[in-house]
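Before any questions on binding or motion, here is one chain by itself as structure tokens, the form predicted on its own.
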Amino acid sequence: MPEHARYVWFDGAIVPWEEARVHVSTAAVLRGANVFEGVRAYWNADERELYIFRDAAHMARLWNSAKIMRMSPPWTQEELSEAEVAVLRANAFEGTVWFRLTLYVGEGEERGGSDGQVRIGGFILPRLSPRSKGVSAGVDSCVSTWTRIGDASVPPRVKAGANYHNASLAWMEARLAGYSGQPIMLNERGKVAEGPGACLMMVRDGRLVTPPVTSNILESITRATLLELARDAGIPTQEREIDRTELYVADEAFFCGSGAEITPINSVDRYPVGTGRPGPLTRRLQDLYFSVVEGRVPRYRDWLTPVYQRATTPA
């Protein structure tokens, strides 16, 4: 697998990887001033097609992040969607892709903020991203000593690069402690929030449970997708606060997100979750989710945007 893509979309044009550069004086470099979306495009080998999953939902969330950060994108959502398709085509990917669509603040940080005086740039950075081993085998997690950022300080519903400093601290702590998976972070009330890069769901007594969006979590598109798929499949769901010790007695648990997809959690703080292996409801949701994102379930094909056989409307 190549180390990086041949082409990226940068400030309105598709350019070779080596030519996509920002200046050291940009607020993106100096302050981590950017908002972004991590999006997957799934390869369907039978159709020889690459499908961007839930592009409209990602664009809507990007626009919400930009609004809160008072950024005015110089492109429309439709133009950025076309740019996504163009850069994926240019790289001729034949495999599942993860790409980062970023709006960044340019030079002029001394004037403060993004009030129209500072240039807003953008890039789309794609890479092949096959399913991780953790998706199949599960991971061992822990509860981090680092508290998740909150709406009154650094709002997690804004998907901003700077927010991930909080995530990095938790990630590094878990790695140094010998855990194979990302940690679980609590909010300022001591309730379960999410992982540093994914939301969390658990199963108790046959019910799928996840913290509400007011628990200092990202308003995750994968989380919303799984709740809808579960309800459509007749699986009871509940959005409520979760105590730390509930994780120890849960029947199953998993992380979910565009990057994590559905990653089972085998243990938390060395307590086995259920049998200590990925559980049956987790596996059922995985099978359904991957069938949907690859375009194998007609009911949900309006969530897909084709890349190679481009139509005037989503697939």
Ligand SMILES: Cc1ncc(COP(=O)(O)O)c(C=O)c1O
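Predicted, not measured: the structure shown is a model, and the values here were computed from it. Numbers follow the displayed sequence, beginning with 1.
Keep in mind that the form predicted in complex with the named molecule is missing from the display, and what follows is about it.
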Quiz item: Though only this chain appears here, would G195 touch the named molecule in the predicted bound form if you measure heavy atom gaps against 4.5 Å?
Solution: yes
Self-check item: Partner contact for G274 in the predicted bound form: the named molecule, 4.5 angstroms, heavy atom
Solution: no
Quiz item: Taking the shortest heavy atom distance, is S220 within 4.5 Å of the named molecule in the predicted bound form?
Solution: yes
Quiz item: Could you tell me if C256 has a non-hydrogen atom within 4.5 Å of the named molecule in the predicted bound form?
Solution: yes
Exercise. With the named molecule left out here, work out from 158 to 166, 68 to 76, 128 to 136, 83 to 91 which stretch has heavy atoms within 4.5 Å of it in the predicted bound form.
Key: 158 to 166
Quiz item: Exactly one of M202, C199, A170, L101 has a non-hydrogen atom within 4.5 Å of the named molecule in the predicted bound form; which residue is it?
Solution: C199
Quiz item: Though the partner is not shown here, which residues of 49 to 66 have a heavy atom within 4.5 Å of the named molecule in the predicted bound form?
Solution: H58, R61
